[in-house]
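One chain is shown next in structure tokens, namely the form predicted on its own.
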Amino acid sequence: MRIAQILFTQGLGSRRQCAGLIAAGLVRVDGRVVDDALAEFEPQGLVFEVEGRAWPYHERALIMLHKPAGFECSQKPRHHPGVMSLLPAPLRTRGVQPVGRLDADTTGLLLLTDDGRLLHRLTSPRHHVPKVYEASTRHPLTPGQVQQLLAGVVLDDDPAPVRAAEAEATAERALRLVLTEGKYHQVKRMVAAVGNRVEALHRSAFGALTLPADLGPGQWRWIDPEALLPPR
């Protein structure tokens, strides 16, 4: 693939802007300046530099973000900054979008991708992709409340009960839930339905991925889709 096309597909600018970066000597491959927009490279596995910053080629983008509190997952945030503001411009340009949503006050693992098929697979309830949440509650948890969450509770927008795939009290006011659905405010509403209240919420895992301890709030990294989904 021509280097100008590689830059364009990775969100480094318009075709004209990418050609300008190359002509200005701002693109390097293997430490050498590439000033010919028609120069061809094998894109798979390619790492190139633009203005001194290394960029790995990805045909489709999939990234993990440690979402901090106070950021909205909406493409058009209204009351708080959007999570997209935490990402570099090339990722925003190529159109990554959140895989599902976390509330503004919820922290933890958020995936973003520009792969429509993967996005559908991860969010479709038919695929039952598990997500792990750690909740702090206002009142002490009782064994009965945990059993209710496992047995199923009815939310106000659906007569069918929703159940936690797993639920356990990890401390007097701390709850670990595993869900395979993605309803609006689901954890908060489920906990409210059993007579308690969520005071803080953190997503620690999505599919086979666990939020790494060395990925701080507001930081992101590339993810291999194969590491996210278990073998079929």
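Bear in mind that the values here come from a model prediction, so they are computed numbers and not experimental data. Quick note: we count residues from 1 along the sequence shown, nothing fancier.
Below, we refer to the form predicted together with uracil (URA), which is not included among the displayed structures.
Engineer: Among 96-104, 113-121, 141-149, 76-84, which stretch sits within 4.5 Å of uracil (URA) in the predicted complex, heavy atoms only?
Structural biologist: Selected stretch: 96-104.
Engineer: Heavy atoms within 4.5 Å of uracil (URA) in the predicted complex: does V187 have any?
Structural biologist: So V187 counts as contacting uracil (URA).
Engineer: Y133 versus uracil (URA), in the predicted complex: is there a non-hydrogen atom within 4.5 Å?
Structural biologist: Y133 belongs to the contact set for uracil (URA).
Engineer: Quick check on L62: any heavy atom within 4.5 Å of uracil (URA) in the predicted complex?
Structural biologist: No, L62 is distant from the partner.
Engineer: Spell out, yes or no, whether the shortest heavy atom distance between L175 and uracil (URA) in the predicted complex is within 4.5 Å.
Structural biologist: No, L175 sits far enough from uracil (URA) in the predicted complex that none of its heavy atoms falls within 4.5 Å.
Engineer: Who in 6-36 is close to uracil (URA) in the predicted complex, meaning a heavy atom within 4.5 Å?
Structural biologist: Heavy-atom contacts within 4.5 Å come from no residue here.
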